[in-house]
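Just the one chain here, the form predicted on its own, laid out as structure tokens.
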Amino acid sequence: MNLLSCYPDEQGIPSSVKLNSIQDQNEYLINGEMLKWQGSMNPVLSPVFIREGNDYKQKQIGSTPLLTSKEALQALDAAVAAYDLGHGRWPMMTVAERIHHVENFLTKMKEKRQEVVKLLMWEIGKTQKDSEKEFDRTCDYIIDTIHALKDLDRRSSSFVQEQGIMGQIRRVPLGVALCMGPYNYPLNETFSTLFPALIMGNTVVFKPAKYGVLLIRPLLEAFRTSFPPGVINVIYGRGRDTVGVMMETGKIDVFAFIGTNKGANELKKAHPKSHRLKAILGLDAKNLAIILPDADLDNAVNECVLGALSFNGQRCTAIKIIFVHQHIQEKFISKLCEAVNKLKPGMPWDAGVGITPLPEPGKTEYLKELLDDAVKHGAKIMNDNGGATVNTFFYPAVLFPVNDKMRIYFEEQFGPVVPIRSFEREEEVIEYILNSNFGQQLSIFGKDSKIIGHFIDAFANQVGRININAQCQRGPDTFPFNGRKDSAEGTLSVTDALRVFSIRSLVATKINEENKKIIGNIIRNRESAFLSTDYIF
């Protein structure tokens, strides 16, 4: 297989996906103003190499500002001022008013679909189909969030009467939020925390992911014009120069972060009042697939290929290791390798492409280290061309048999390596999960309800989601998305996200004629934004 031939020359790039110019971005958004950065810039290199004669050159597609602690603190101060201890314009708005601002943003965002999709392909190597899906799913998520908030507000518009006390319970914002998303879903995963934080009345400092940064540029103006000054502030730069100093001030009330548990731990420790910091974290995972002896092998193989290798395995929800029963291991591995070998390598815009270049610098070298370590300890690469590497390409490798002497057995590879171990006793699988540092999801493939039921009971208190005859995944977005151990903190779904970015507050009084009159006057005369019986359609 000649992976080099997958890289195009300039003439071979379809005009519909070409970037018309270098995307040098020197703007950042603080306090409703688009500011120009005059300092150092960070070059943005695409995982796509361009063929120039007999040479291949990695394409630079733009650059982003390397802001310093000074600009980060300015952004934080703007968010703090806009929140104003809960008295700012944004947190004091009615729910209907905040929804209106978010709807304005969504209208403007949809106008930038083609531009954002292009940048997703070029910057992180996501296929055109998946890039379009990410954009559309993000828009749907925002719409679903609006609907969920309307439902929540309708339920909160009534008064509760208990034991001679009447009261109204509503959800109110927590304060200033710092939102940071991952490079693999730089739009969807980021906005799944950003917009619940905003719509609940928090003010936000938003720092895009390390990669997948340029796609925020087309949306900056929409952020600026859709929200009051200081409500959303967008900064760039290295995390060590920007994020730590904001945490150290103690002014951040909510920390929404999707990344590694090591990074999350370090940032949380920097906050001087950790008990006052609400954290919503999506972290590492080592999701397991269990193939039982009576499994439908065709379905199991199809789901495992999708689960392990969609977007090159660069998903926290990806299947990261497979335990297959020894009675069917040969058939399963043979079918799996056959399916992997059908995956087409190519550029993100190529039709039917299944393997694309990896965006993270040094990733192919890291994956090669994992392969070499596994082979040294007895594993074999089972599929043709497994582990073949050219520039940013890494062809998927199926490893068997893996054991606990290998790094791949415990480390989250976050890339196209599929480690497989055989098992005979159910206890072997249970022991692996019990001793794992991670607890996001797992998948069980089989038909014996008794065995599956036993596994469900063994794992329900170990992971956040158990999938039966299906790959590990996040959706639907109405389902809770969480994890245990080092995999997560807090729960996300459309409705759960609204709850984690807010807190319940209560106005209560004894039930008597005088108090009922006071409450009635407040509501009729609209003397409070909090106390209200308005029904949002």
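Each residue number is its position in the shown sequence, starting from 1. Computed from a prediction, not measured in an experiment: that's the story for all the values here.
From this point on, the text means the form predicted in complex with ligand G3H, which you will not see here.
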Please pick out the stretch from 84-92, 456-464, 330-338, 183-191 that is in contact with ligand G3H in the predicted complex, where contact means heavy atoms within 4.5 Å. 183-191
Ligand G3H contact at Lys363 in the predicted complex, heavy atom, 4.5 Å: no
Using the partner position in the predicted complex, report whether Ser46 sits within 4.5 Å of ligand G3H, counting heavy atoms only. no
Would Tyr28 count as a contact of ligand G3H in the predicted complex, using a 4.5 angstroms cut-off between non-hydrogen atoms? no
According to a 4.5 angstroms non-hydrogen atom cut-off, is Arg137 in contact with ligand G3H in the predicted complex? yes
Identify, from the list Gln473, Ser502, Thr64, Ser493, the residue with a heavy atom within 4.5 Å of ligand G3H in the predicted complex. Gln473
Students should find that, of Cys316, Ala308, Ala197, Leu214, the residue having a non-hydrogen atom no more than 4.5 angstroms from ligand G3H in the predicted complex is Cys316
